[in-house]
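In the block that follows, a single chain appears as structure tokens, in the form predicted alone.
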């Protein structure tokens, strides 16, 4: 039990959510785990019963009632929950803050607004306001990468020549670990970054000193 629970926490755990999207994803994960455990338990019970004495039961009782009925009920519930959660975490045209994440071998370059509303650039650290939805425009310079902050949202691929969009939000100020979740070459394991969620009334000094953001070729 200790070994099983050891993977449920930490800066890269999806089961330690710190934002609404990650919370929905974690809820879906637990639902899938419970559903799969229930079906596995049913199979185990049926297997155990097969070693007992013969029972007078119609075939449909097992195949339709339990084999199909129970399994389909569990799977349908999980599917509906997945569609509902997937729709909830989609970006919307609601005036959310926009930031830019540009991937390259093997690092990250970010563009985000500072306190004056100017777009500035940072390397390896992304700054977002806490408690507000943020749309991340994800692009790539060379090969396919993937942007992922496990405690805040799911992942999205960074593809050369394409702009992908991901909605994230942090519940409170704090620092979260992010990484490239798509193998992209020899330096993939070190392609990490930090996401700093700051209070809207106290933007970090690093943004005030950051240079103006560059334009990228895929634009």
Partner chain sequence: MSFLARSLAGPMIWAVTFSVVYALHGAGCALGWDGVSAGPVSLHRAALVGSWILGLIAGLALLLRLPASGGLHAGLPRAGAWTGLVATLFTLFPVLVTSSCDTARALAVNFFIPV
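Positions refer to the first chain, counted from 1. Only a predicted model underlies this, so the values are computations on that prediction, with no experimental measurement involved.
What comes next is about the form predicted in complex with the partner chain, which is not displayed.
Student: Taking heavy atoms only, is residue 137 within 4.5 angstroms of the partner chain in the predicted complex?
Tutor: Yes - in the predicted complex, heavy atoms of residue 137 and the partner chain come within 4.5 Å of each other.
Student: Indicate whether residue 175 is a 4.5 Å heavy atom neighbour of the partner chain in the predicted complex.
Tutor: Because no heavy atom of residue 175 falls inside 4.5 Å of the partner chain in the predicted complex, the answer is no.
Student: Residue-level contact is defined here as any heavy atom of the residue lying within 4.5 Å of the partner chain in the predicted complex; does residue 111 satisfy this criterion?
Tutor: Because a heavy atom of residue 111 falls inside 4.5 Å of the partner chain in the predicted complex, the answer is yes.
Student: Any chance residue 87 has a heavy atom within 4.5 Å of the partner chain in the predicted complex?
Tutor: Residue-level check for residue 87: yes, a contact with the partner chain.
Student: Let me know which residues along 12-40 have a heavy atom within 4.5 Å of the partner chain in the predicted complex, or say none if there are none.
Tutor: Read in sequence order, no residue approaches the partner chain (within 4.5 Å, in the predicted complex).
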